[in-house]
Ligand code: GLU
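One chain is shown next in structure tokens, namely the form predicted on its own.
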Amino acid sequence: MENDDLGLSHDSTTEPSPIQAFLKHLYTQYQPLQAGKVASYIPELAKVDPDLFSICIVTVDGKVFEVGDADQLFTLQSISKAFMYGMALEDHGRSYVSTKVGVEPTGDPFNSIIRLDESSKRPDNPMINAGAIATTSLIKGADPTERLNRMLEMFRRYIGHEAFVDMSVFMSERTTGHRNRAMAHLMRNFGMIDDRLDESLDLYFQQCSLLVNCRDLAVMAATLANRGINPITDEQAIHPDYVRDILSVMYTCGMYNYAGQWAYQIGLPAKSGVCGGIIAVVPNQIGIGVFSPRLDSHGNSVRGVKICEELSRQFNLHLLDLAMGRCKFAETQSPLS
């Protein structure tokens, strides 16, 4: 699909912008990096080409900069958790959602069941699998079809075009997701989720199986950076009152058990997925999307982490740099000079 078909446009000047030039520089620098392994615990994910690689930046005024395999489709996986959390907040409000899912970082792997004990009555945060399943169970709808359609419509607003579920990945996750199913049953036993257990699990597997490309990731991130308004379509994707909630949990919990190091070194609200995607948000500035399927031991894209490190360092994108007025993204001087 051409960018014009999506309403996207690139800088049309003869000379490439400093941002585009820097993305090409990063792509060339990190394309040879072969560290990490493709996720294999979901059979369909194991089939992905490990050499795929793309970087995209979308500004809050709708400019798009991209390099690599930006049109390559893949499934959203855990990146979906941040957006489903926002949908649950819109459906029920902050106070109610906080009784069902906490906001505390765990330091444990994303699929840990250690903290699902009877005394807590809720998972620690919505970015781990248990918390995400609990969040998804909160999505309103009279039946599975209505809940699915509401979810697809929500993602359509963020992406800017119709959203689809990859049925092969969905069935693969549904068939092999025994650990997630065990978590759901344990949470049902503790009263953390209601008796629509199988229906909520299916919706969770469907959100993880949503098809996107790297450009979509950047548009979604830019929508959060733009107070919930999609910068390409100007459509409100989420009420602005809840954007801060989403970004706060992304900042503290979005990068699995690497979240503390990420916050210290890169300093951006972000969410990764075992698809190899990462979104990162620079509030009031840009959304970043990176896709590269080889993962580190935490489940984060190896190249993706490196790219975000370089972007944060080069343009002073860390939230504390933003607060101190040190962000250099808007400057016109080339970062390579």
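Position 1 is the first residue in the sequence shown; the rest follow in order. Nothing here was measured: the structure is a model prediction, and the numbers come from that model.
The protein also exists as the form predicted in complex with this ligand; that form is not presented, and the subsequent description refers to it.
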| item | value |
| --- | --- |
| Any non-hydrogen atom of N257 within 4.5 angstroms of this ligand in the model of the complex | no |
| 4.5 Å heavy atom contact, G273 to this ligand in the model of the complex | yes |
| Any non-hydrogen atom of S78 within 4.5 angstroms of this ligand in the model of the complex | yes |
| 4.5 angstroms heavy atom contact with this ligand in the model of the complex for D216 | no |
| One stretch from 201 to 209, 185 to 193, 95 to 103, 158 to 166 that, in the model of the complex, holds residues within 4.5 Å of this ligand by heavy atom | 201 to 209 |
| Contact residue in the model of the complex, from N230, T252, S172, N180 (heavy atom within 4.5 Å of this ligand) | N180 |
| Heavy atom within 4.5 Å of this ligand in the model of the complex - the one residue of V67, I42, V302, V38 that qualifies | I42 |
